[in-house]
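We begin with a single chain expressed as structure tokens, specifically the form predicted alone.
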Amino acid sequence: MLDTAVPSLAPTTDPAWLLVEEGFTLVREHELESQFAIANGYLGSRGSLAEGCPLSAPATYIAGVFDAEPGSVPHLVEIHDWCHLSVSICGQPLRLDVGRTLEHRRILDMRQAILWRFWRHEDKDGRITRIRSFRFASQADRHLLVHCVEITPENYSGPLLLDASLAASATQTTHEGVSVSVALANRVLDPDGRVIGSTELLSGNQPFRAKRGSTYRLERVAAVYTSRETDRPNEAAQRHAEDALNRLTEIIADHQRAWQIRWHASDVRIEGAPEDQRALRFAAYHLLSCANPDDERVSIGARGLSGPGYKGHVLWDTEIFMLPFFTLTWPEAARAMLMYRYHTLPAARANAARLGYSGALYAWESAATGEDVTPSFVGTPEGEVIRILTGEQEHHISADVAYAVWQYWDATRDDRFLLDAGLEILIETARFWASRVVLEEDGRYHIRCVIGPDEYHESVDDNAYTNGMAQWNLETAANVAERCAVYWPEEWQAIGRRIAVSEEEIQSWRNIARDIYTGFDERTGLFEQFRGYFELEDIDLSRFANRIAPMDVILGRENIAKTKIIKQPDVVMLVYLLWDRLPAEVRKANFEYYEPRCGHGSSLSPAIHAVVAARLGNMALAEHYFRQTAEIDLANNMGNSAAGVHMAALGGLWQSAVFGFAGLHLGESEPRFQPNLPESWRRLSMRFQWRNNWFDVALP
């Protein structure tokens, strides 16, 4: 008989959990495929139409598995389109662009992490077909993808033909020798729940007769394994798919329970602002979808597992923008991401040595091994070839990783992580900065020829963010090393022997940190973003308020470098990360100076402005930047969501709500709140974990 658990499954009724797309707009399809992506940290699949369309870009990615032709830049491997399915009725293909669509709705149910589709279509001969389908990537069993499709001929009887591009199994091997296998187990059921066929009914060659008003169901389970987990991934995938198909009700229930646990730990609930609530849940949904606490070999790329942007590479986005969410709501996932940085420490050491430095310089763009895979050149639509310098000069990444290590340990007091991995990262990054600075005639240490977060200005000297974070890195490494020597003397001695760290070296870090040049002007309270910044041309950005292109495109790369226009927060980012080290008047002065000069040419930009504005009590500006951040993907306001959702912006949106509007401060003794809620937010409630205790908070 029919398995009643599957037909009874339905979307959540609360609209604040739903992302709904009514109708069909061809030109929006690529961005919707990113928005509707399903993932579970091991794999992710874009929300493409099963039958495809002229602008479909279906893809399924495996976290941490990269491929590249010799001499090219590695990219996340894409596997076969596991959920492709075309339907023909009485010899006519069922497509949105053929015949007349009576109803078409897609729903991303974020609470259950299930993508739904409801479709009623009339062909040119008047036959009406109803299709109801759902798919998900199992959060409880990360090797599984599930796709169920119900087909009902409403006003006719006739032959029904199903055609799937991947009916059984397939294996592909990367140039590095990693094999990826995907296997499908399928069955087609009649209205009484009897199996009437499986693979043979998905070949596109064998139709079956469908009766008017009857519902037929296709159930498909895809299992994915790689040679990283087993020597025989194809066999493992086949066995797992077949077993899961026979336990489909259990698979669905386990997935739902797993997401209930995740949402219980991480949902930020807003009363009075349903659109803001939906945006925060959209952010958390994609963040949770991309984490895997069971795999220390992988981290989260700039576009997660939702699209090809940045080729799946890991940047500072992960540590600075995403990791705070996981540290406070899913520390096991945060730990795994930081262990990825520990396992890639050898490559970071090699990267520093290649440039003539000591310690560890993390890759600006990192893939499987941690080697720097930043492209050297990029082409413009006009045919210009531009050299990319970020991989050579954006060195603040090492301090960013160190900052995340400290923030994680401070929040979790995971001493085992600190002793086994975190301390070594702090030491090696401090060593890098100690070798990167130059003592000059003024008696100060300088860092020359870098790129800060503001990438409109390249090859600058003494970037305030870079120098300030290097100073923090050196001081913190010294403090933590001395702490470890006191509390864990045996472990400290073992570490000291393994990586040859001495008390003299630790003291040298303190000396450098004390005398490093910061660009701070005590008279004005301002940090100069870099040497010579204050002498650049000042341009009123309000003249370009209605622009539809970034400022570097409007003015040109060479011209914008001569101005004070910045791409994204640089000094303001420093103020945010080192908030408690700076007086209130310094925070305010720097925000008010640099905020009007920011062109927001990066998706990373508005969220940080939202946090700082909220903390300073500028609520109109904070709300403006919060909603600008929310619309980066939900409204595609930067025009590039087709390449995947912007994971840093999503992490930043959560930070703007929690550290900005809720005003969460994590001090030495206990968390405290200084809330500045938007007027429309009648109440904010959330929970988070800090030092092994869960806190439930309701504001005001």
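Just so it is clear, the model here is predicted, and its values are computed rather than measured. All residue numbers are counted from 1 along the displayed sequence.
Just so it is clear, the following notes concern the form predicted in complex with a small molecule, a form of the same protein that is not shown.
**Student:** Given that the small molecule is not shown alongside this chain, does K567 nevertheless sit within 4.5 Å of it in the predicted bound form, heavy atom to heavy atom?
**Tutor:** Contact check for K567: yes, within 4.5 Å of the small molecule in the predicted bound form.
**Student:** Are any of the heavy atoms in T374 no more than 4.5 Å from a heavy atom of the small molecule in the predicted bound form?
**Tutor:** So T374 does not count as contacting the small molecule.
**Student:** So in the predicted bound form, is the small molecule close enough to D317 to count as touching (4.5 Å, heavy atoms)?
**Tutor:** Yes, D317 is a contact residue.
**Student:** Taking heavy atoms only, is S602 within 4.5 angstroms of the small molecule in the predicted bound form?
**Tutor:** Answer yes; at least one heavy atom of S602 falls within 4.5 Å of the small molecule in the predicted bound form.
**Student:** Based on heavy atom distances of 4.5 Å or less, which listed stretch (309-317, 533-541, 517-525, 101-109) is in contact with the small molecule in the predicted bound form?
**Tutor:** The contacting stretch is 309-317.
**Student:** Quick check on this chain: which one of D123, E595, E455, E392 has a heavy atom within 4.5 Å of the small molecule in the predicted bound form?
**Tutor:** Answer to the contact question: E455.
**Student:** To verify the annotation, which of these, A333, A237, V180, A302, has a non-hydrogen atom within 4.5 Å of the small molecule in the predicted bound form?
**Tutor:** The residue from A333, A237, V180, A302 that makes the contact is A302.
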